[in-house]
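Let's start with one chain on its own, the form predicted on its own, as structure tokens.
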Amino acid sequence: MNNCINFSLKETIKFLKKNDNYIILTHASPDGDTLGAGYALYYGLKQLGKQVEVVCPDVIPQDYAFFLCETDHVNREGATLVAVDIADKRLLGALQEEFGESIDLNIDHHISNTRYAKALYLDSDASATCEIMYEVLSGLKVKLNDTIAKALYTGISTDTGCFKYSCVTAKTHKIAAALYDYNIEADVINKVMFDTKSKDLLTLERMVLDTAEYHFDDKCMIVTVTADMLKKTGCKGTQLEGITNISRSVDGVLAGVTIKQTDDNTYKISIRTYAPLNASQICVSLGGGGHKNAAAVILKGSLQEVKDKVLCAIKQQMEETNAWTSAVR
């Protein structure tokens, strides 16, 4: 949306105080950041006496049950629509047709945001949308409690890889430290989010590793998750988040690519990069977006056609950045 208005933090706070009935939208295949930000905002606005509903296009995994609740049912007519952690309206999935053209406010941290909402509060320096939401709630004078703190911590922890990604700043740690003043049970959250795997997931990881391909002097690794693999193992949703990190952990790899089949000829591509490569720029060139070191795009075609498109985009950036001569990580 070309006439999208840029909001400051102060303007965002003023806007949220002004309205009374809210629908908060989270993205498809929900993760800790979109859910944490959405529910933290829900609890905050409820404190201010608002009617608020959180709507997610997909079933929310039970891994997040420790901060979830049954929200209000807000009349769609005249409701204020707020999208959280959604850089592109296509990420609304099944909700795009109903809500995609009428988002009033988008709160996000993705530099590739497509500015589809009427107003946008974007902080691309924030490690997570939950980092932004902490400041929004502080500005609204919301009294934090254990549940809100757990939601915010979950979003920050999951979007930073448990505070190990390059997006982490001193500010990130300061906010996390403030959340420790509440009973967030960070050890429990991090165990569930990072250290617990089902037998089915281990089986899927073995299958995925068997598909591994190396390109460009082993600086690029591609792994594939087919629909048949998912059917055989029963894995879905947030169980697949760890799969995208398999390729980035291999020594010497600058571009880790995970190709996940979502339909007969549709694939979600997740790219993780190290300097000098930029995952966001690669995905933007293919019609997607994301962060400097983590981005995604959805492509159609045969598996080989999709691989060829991705490899072409990565090769082009490797040549532009002279990544061929980059030292091994």
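In this text the structure is predicted, and so the values were computed from the model without any measurement. Sequential numbering from 1, following the sequence displayed.
Here the subject shifts to the form predicted together with a further copy of the same chain, a form of this protein not shown in this document.
Choose one stretch from 78-86, 189-197, 136-144, 97-105: the one whose residues place a heavy atom within 4.5 angstroms of a further copy of the same chain in the model of the complex. Going through the listed ranges, the match is 189-197.
So which of 229, 168, 240, 122 reaches within 4.5 angstroms of a further copy of the same chain in the model of the complex, heavy atom to heavy atom? For this set of options, the contacting one is 168.
### Message
Is residue 183 near a further copy of the same chain? Define near as a heavy atom within 4.5 Å, in the model of the complex.
### Response
No, residue 183 is distant from the partner.
query: Might residue 110 be said to contact a further copy of the same chain in the model of the complex, defining contact as any heavy atom within 4.5 Å?
result: Judged by the heavy-atom cut-off of 4.5 Å, residue 110 is well away from a further copy of the same chain in the model of the complex.
Considering non-hydrogen atoms and a 4.5 Å limit, does a further copy of the same chain approach residue 174 in the model of the complex? So residue 174 counts as contacting a further copy of the same chain.
- prompt: Quick one: does residue 248 come within 4.5 Å of a further copy of the same chain in the model of the complex, counting heavy atoms only?
  reply: Heavy-atom contact with a further copy of the same chain at 4.5 Å: present for residue 248.
* If you look in the model of the complex, which residues in 202-226 sit within 4.5 Å of a further copy of the same chain (heavy atoms)? -> Heavy-atom contacts within 4.5 Å come from 202, 206, 209, 210, 214, 218, 221.
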